[in-house]
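Before any questions on binding or motion, here is one chain by itself as structure tokens, the form predicted on its own.
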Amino acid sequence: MKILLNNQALIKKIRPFSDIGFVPTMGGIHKGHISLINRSIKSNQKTIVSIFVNPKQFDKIKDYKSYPSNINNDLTILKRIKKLDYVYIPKFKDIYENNKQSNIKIEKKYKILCAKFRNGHFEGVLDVMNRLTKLIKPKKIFMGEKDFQQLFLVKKFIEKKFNTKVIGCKTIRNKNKLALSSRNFLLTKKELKEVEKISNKFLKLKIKIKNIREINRFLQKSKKEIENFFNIKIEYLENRSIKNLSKSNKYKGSRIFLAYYFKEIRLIDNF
């Protein structure tokens, strides 16, 4: 595994290869990331992982500064992965060397879910993914389904603009069915157990909605009950089509999407 710290080193190492698998991360490496990396290793001649906490996709400075990235810990984990070729750890100037104002806009119909509550977030995500894809020129990009709206928008944007496939990979959960997330590192052991209970409560909704006609009406009622029971703030709890993210009252071809605050930590999931 070679560590690349700037664009010059990156270009020199990857230039000879056309079959590159790319796993973009912001650090806080966990088993979900490892599953993406292993998928890439099986599918591509070379695999590169990036670690870059992108300030332009945070709508709150406090959230950016508290993001749980630990480079030394991440590298220790990544070094254990056999056949991982490169880790790219750029500085801000490497990504935004031509610091032109991005003209990327999210279509109004997609200003839903996280885009509704995090102003400029996905514009920042698409901007950095655009820049990283230009630099690395991967054949495939591997992203998790836990951030399904992100996956949906990145796939739509990147595949239209580049000769690159964006591959969605299933959400990895711990033994208590909590979706793995870098933000989980911000929780104490006691808090983690509480969040696992909340997650299981949400997961049970998927079983309950199977024979319900007005799914979203039922979810709105459940939202208030869950908020009161666990003393949490739910931003959204909605059933939407996986094809176009429109609201849906159908069980098949849809997922329940949710975002909530446990204390000050924002967690998302879909199932």
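Just so it is clear, the model here is predicted, and its values are computed rather than measured. Start at 1 and count along the sequence shown; that's the residue number.
What follows is about the form predicted together with a small molecule, which we do not show.
*Asks:* Just checking whether Lys146 would be counted as a contact of the small molecule in the predicted bound form - the rule being heavy atoms within 4.5 angstroms.
*Replies:* Residue-level check for Lys146: yes, a contact with the small molecule.
*Asks:* How about Tyr67 - does it come within 4.5 Å of the small molecule in the predicted bound form, if we only consider non-hydrogen atoms?
*Replies:* Contact check for Tyr67: yes, within 4.5 Å of the small molecule in the predicted bound form.
*Asks:* Mark Pro24 yes when one of its heavy atoms lies within 4.5 Å of a heavy atom of the small molecule in the predicted bound form, and no otherwise.
*Replies:* Yes, Pro24 is a contact residue.
*Asks:* Is the gap between Ile89 and the small molecule in the predicted bound form 4.5 Å or less for some heavy atom pair?
*Replies:* No, no contact at 4.5 Å.
*Asks:* Only one of Lys46, His30, Arg240, Arg39 gets a heavy atom within 4.5 Å of the small molecule in the predicted bound form. Which one?
*Replies:* Residue within 4.5 Å of the partner: His30.
*Asks:* Within 4.5 Å, heavy atoms only, which of Ile112, Ile172, Leu135, Leu186 is in contact with the small molecule in the predicted bound form?
*Replies:* Contact with the small molecule in the predicted bound form is made by Ile172 alone.
*Asks:* Heavy atoms within 4.5 Å of the small molecule in the predicted bound form: which stretch among 202-210, 215-223, 31-39, 231-239?
*Replies:* Among the listed stretches, the partner-contacting one is 31-39.
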